[in-house]
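Just the one chain here, the form predicted alone, laid out as structure tokens.
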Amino acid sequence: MEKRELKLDYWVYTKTYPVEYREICEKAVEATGRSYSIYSGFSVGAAVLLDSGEVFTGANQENVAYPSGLCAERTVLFYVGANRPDVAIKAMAIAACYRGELTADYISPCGACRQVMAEVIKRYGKDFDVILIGNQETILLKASALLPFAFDF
């Protein structure tokens, strides 16, 4: 038997955003306002910056027939994949509001979103930055760090 260790590097910003990603952070927060979250009151917005410089946003979409809704992260990733299939992702910002107020803590993508992010990395052969936005702290890390043992074959 051999013991191995995972190392995770990430950066913490207090009450601010990474300067180079300020625009997509602001757009992710704005996108929370386009969420359809009448059941949970939990609105999530995501913004993606492509290598081309284009920015796209998505918001979570709930459905009374849970789990028929879709997370903000997958909403925007699938949109980008369908409409800009030849342009890699540089960064994604994710923000959440609960009943109209930005959450104090940053939120982290669900397992399904993490797996889709892993597929995006595989598709383009390139990792990308993920910015998790909270009212108190914002975290910057690589998408690959979110799911180190992603499903693949």
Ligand code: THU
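When you see a residue number, it is the position in the sequence shown, counting from 1. The structure presented is a predicted model; accordingly, all values stated were derived computationally and were not measured.
The form predicted together with tetrahydrodeoxyuridine (THU) is left out here; the points below concern that form.
> If contact means any heavy atom within 4.5 Å, which of 107 to 115, 120 to 128, 22 to 30, 84 to 92 contacts tetrahydrodeoxyuridine (THU) in the model of the complex?
Among the listed stretches, the partner-contacting one is 107 to 115.
> Though only this chain appears here, would residue 57 touch tetrahydrodeoxyuridine (THU) in the model of the complex if you measure heavy atom gaps against 4.5 Å?
The answer is no: residue 57 has no heavy atom within 4.5 Å of tetrahydrodeoxyuridine (THU).
> Given that tetrahydrodeoxyuridine (THU) is not shown alongside this chain, does residue 77 nevertheless sit within 4.5 Å of it in the model of the complex, heavy atom to heavy atom?
Judged by the heavy-atom cut-off of 4.5 Å, residue 77 is well away from tetrahydrodeoxyuridine (THU) in the model of the complex.
> Counting only non-hydrogen atoms and a 4.5 angstroms cut-off, does residue 103 reach tetrahydrodeoxyuridine (THU) in the model of the complex?
The answer is no: residue 103 has no heavy atom within 4.5 Å of tetrahydrodeoxyuridine (THU).
> When the contact criterion is heavy atoms within 4.5 Å, does residue 47 count as touching tetrahydrodeoxyuridine (THU) in the model of the complex?
Close contact is absent here: in the model of the complex, residue 47 is far from tetrahydrodeoxyuridine (THU), nothing within 4.5 Å, heavy atoms only.
> Pull the contact list for 62 to 79: residues with a heavy atom within 4.5 Å of tetrahydrodeoxyuridine (THU) in the model of the complex, in sequence order.
Residues within 4.5 Å: 62, 71, 72, 73.
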